[in-house]
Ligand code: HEC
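As a starting point, one isolated chain is supplied in structure tokens, in the form predicted alone.
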């Protein structure tokens, strides 16, 4: 606090009083005023300066590599898949054990003959039970045609005139006789392959012949070496063509000879 001399204060009061036209106040009051003013200045709190806050510098995250980003976004395998994957080899082995190689009756020429037989079913029945034509199923067709060649010739040529016997003369139950309502037309127009296919189908499906005994004929059908069978062909001519094929195909010849040995034994 700065002290002002009394005489200066007194002079200041007198000059102010003259100017305002008032009486001079006692000096003690002036001193008190000055002290009061001075005291009020002492009571004013000092303003403290707040230091500026330091700004923390945060570095941006480094970008992820493309392969890391792809790994994070890739779908994860569910937990429940773990035991499934563990037993997959076992299940695969069990399923593989139940699989069987398709038989010749399910694929190949014999199966193809089933589609061609739809043209025969109108007379012989869808199941070979007969109708306008004779019964073929339950082995009846093999009784009429013991060999493949005579069966082929019958399909190519059709039945003989009404009242004419055909097929195996020593047939069990008597030889078949062509009837007026059951005369079968020839199907030479089908072509050699389709005729052989339907014959094989009838012998296996209706005649109940073992498909393995016909493997040599299946190979013949698949070889593409079939001759053209025209109306009037004889069983002997068909047998001659088959024998020529066997001479050029050792596998088919071996299978055919095994079939003959089994039949003889």
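Take the two forms, superpose them, and find the largest set of C-alpha atoms that agree within 1.5 Å; that set is the rigid core. All values derive from a computational prediction rather than experimental measurement. Numbering follows the first chain given and starts at 1.
From this point on, the text means the form predicted in complex with the named molecule, which you will not see here.
Peer 1: For residue 119, is any heavy atom within 4.5 Å of the named molecule in the predicted complex, or not?
Peer 2: So residue 119 counts as contacting the named molecule.
Peer 1: With heavy atoms only and a cut-off of 4.5 Å, decide whether residue 196 touches the named molecule in the predicted complex.
Peer 2: No, residue 196 is distant from the partner.
Peer 1: With a cut-off of 4.5 Å between heavy atoms, is residue 132 one of the residues that contacts the named molecule in the predicted complex?
Peer 2: Within the cut-off, so yes.
Peer 1: Does any heavy atom of residue 136 come within 4.5 Å of a heavy atom of the named molecule in the predicted complex?
Peer 2: Close contact exists here: in the predicted complex, residue 136 approaches the named molecule to within 4.5 Å, heavy atoms only.
Peer 1: So the named molecule isn't shown here. In the predicted complex, which residue out of 78, 89, 173, 185 has a non-hydrogen atom within 4.5 Å of it?
Peer 2: Flagged contact: 185.
Peer 1: For a quick check, can you give me the residues of 229-260 that have a heavy atom within 4.5 Å of the named molecule in the predicted complex?
Peer 2: Nothing in the stretch sits within 4.5 Å of the partner.
Peer 1: Would you tell me if residue 118 moves between this form and the one not shown by 2 Å or more at its C-alpha, with the rigid core held superposed?
Peer 2: The answer is no; the displacement is under 2 Å.
Peer 1: When the rigid core is used for the superposition, does residue 162 move between this form and the one not shown (threshold: C-alpha shift of 2 Å or more)?
Peer 2: It does, since the residue 162 C-alpha is displaced 2 Å or more between this form and the one not shown after the core fit.
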